[in-house]
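To begin, one chain is listed below as structure tokens, in the form predicted on its own.
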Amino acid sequence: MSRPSRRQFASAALLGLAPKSEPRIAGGFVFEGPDQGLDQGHRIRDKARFATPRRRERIPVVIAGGGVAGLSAAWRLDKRGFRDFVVLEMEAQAGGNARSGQNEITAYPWAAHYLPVPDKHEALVRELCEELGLLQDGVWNERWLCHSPQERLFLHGRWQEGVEPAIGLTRKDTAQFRQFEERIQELRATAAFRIPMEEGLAKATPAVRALDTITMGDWMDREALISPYLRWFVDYSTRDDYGTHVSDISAWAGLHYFASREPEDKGPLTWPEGNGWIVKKLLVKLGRYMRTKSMIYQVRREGQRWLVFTENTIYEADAVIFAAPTWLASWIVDPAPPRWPIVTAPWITANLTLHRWPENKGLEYAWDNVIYNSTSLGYVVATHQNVAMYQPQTVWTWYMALADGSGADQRRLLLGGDWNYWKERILADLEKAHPDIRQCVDRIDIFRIGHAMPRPLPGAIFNPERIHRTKHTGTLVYANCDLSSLSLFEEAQYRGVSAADHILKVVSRSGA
């Protein structure tokens, strides 16, 4: 064996049809229960009664939310020498979509699993990378650059290198891929598509702005890009980053996926636990500010201060950085701001513990392994970065964005299926490329994410309310990556840092 090294309700009658000799697979749902995120969030939505806090605490600044945006705000405040603040996180573990897990085999991600190598324009991300030892004297640490092979695609019954389809294409298909790349190069040269996005929006011409009024599918039709292989590749990409099909996503956002990155880079940077590695490193420095299991159920103005309510404590703050998903503000902040106009995409991820590798014919296992025309996004191999020569066991992290139809309908599907239903969906998907997968898996743990990321539908990018909330004024500011309508680490970091910079000016003027 070569060295293993990722990336509608079915009929209920399907359940239980597995052969009786099939090994029993254990598992369950994670991060669910009466005191955990899914149920706690529904308590806020349903306006449930909460316990009266028994204590009050005076603190100049409260950061609401301990995901990447909240941690980035804390990182900035701490680096600037301001240390009178707390980060309140609803979950038992900070990190949001960058949380991770660990078992006897390896650490593994629960969602975000890599960081693209930032180009020279991305100063904030590079600053953090230098601080974490990923970038030293302009050289990237080879240990955490994704090892080869990085990606492979299961197409026409066999694996090919890379995710862009290469097997069975006609000359017309190949020409359309070339035409698409030429259009991307033209858009990249305008500098209107940058990371963070705010740096490019100022350069957006009327023609570029108009891309936000149509879907990516409409744009491809207009460009006569009809190759089924190209349409699949672009659709896979938009589902992967935005949880949205090309037929639904804003053409501006779809094109940003391709035009915002340099065509050739050394990355990505990745770790067994994905971006959980970054979270752990940040918490070494910022853990003293973090208060987990501290769900905020109300933020209310009282005189010149804000009262931030959790079930244990009322925090009296001069300023609040709302780094939780922005749509939550209409449920929590009093008086409620206008409804957030950006819809969200539900996702499901699963970590499969394998006691042995499935039979593998052809290409070696890659970090990212994708199946053509699957409703899933494939799987990443958590042990891929392991330098051990022999790895008899492994963990795969499987991903699927529920992109068909409205987010509300897909959330009902997400929460309506029990663990056995989702286990069968996962195994049936993987069987397309790995017929013996059921004989290899010991355990499947499943994470249901009802509001995993913003869905940048047409009109989202230049929506007046989105733009309004990015303009920091006053003592309550927003910082989540959904302010960009793009669920990217870089956008979350930028939003957290810019909010922190504003609050530093506010508290310095007030003398807090």
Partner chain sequence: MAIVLFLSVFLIAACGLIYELIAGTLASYLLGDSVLQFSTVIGSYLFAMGIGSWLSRFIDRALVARFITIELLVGLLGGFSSTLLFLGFAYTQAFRFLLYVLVVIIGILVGLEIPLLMRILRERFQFKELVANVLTFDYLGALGASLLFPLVLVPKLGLVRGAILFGLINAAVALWSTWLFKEHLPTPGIQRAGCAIVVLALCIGLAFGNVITDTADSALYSDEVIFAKSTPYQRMVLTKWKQDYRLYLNSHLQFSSRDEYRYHEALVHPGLASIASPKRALVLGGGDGLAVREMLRYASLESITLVDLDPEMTRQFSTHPLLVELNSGSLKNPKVHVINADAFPWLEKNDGVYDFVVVDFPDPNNYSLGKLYTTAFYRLLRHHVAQNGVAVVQSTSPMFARQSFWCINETMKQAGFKTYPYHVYVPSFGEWGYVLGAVEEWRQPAQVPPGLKFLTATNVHELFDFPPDLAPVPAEPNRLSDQTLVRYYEREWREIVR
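Computed from a predicted structure; not experimentally measured. Residue numbers count along the first chain shown, from 1.
The following text describes the form predicted in complex with the partner chain, which does not appear among the structures shown.
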Please run the contact check for Glu182 against the partner chain in the model of the complex: heavy atoms, 4.5 angstroms, yes or no? no
Contact between Arg438 and the partner chain in the model of the complex at 4.5 Å, heavy atoms? no
Distance check, Glu142 to the partner chain in the model of the complex, heavy atom within 4.5 Å: yes
Non-hydrogen atom contact Thr394 with the partner chain in the model of the complex at 4.5 angstroms: no
Kindly confirm or deny that Ile59, Glu302 and Thr313 each have some heavy atom within 4.5 angstroms of the partner chain in the model of the complex. no
With a 4.5 Å heavy atom cut-off to the partner chain in the model of the complex, the contacting stretch among 205-213, 68-76, 381-389, 91-99 is 381-389
Which residue, Ser260, Gln176, Asn351, Gln150, has a heavy atom that falls within 4.5 Å of the partner chain in the model of the complex? Gln150
Can you pick out, from Leu328, Ile342, Cys146, Ala251, the residue that has a heavy atom within 4.5 Å of the partner chain in the model of the complex? Cys146
Need the contact residues for 266-284: heavy atom within 4.5 Å of the partner chain in the model of the complex, sequence order, or none if there are none. Lys266
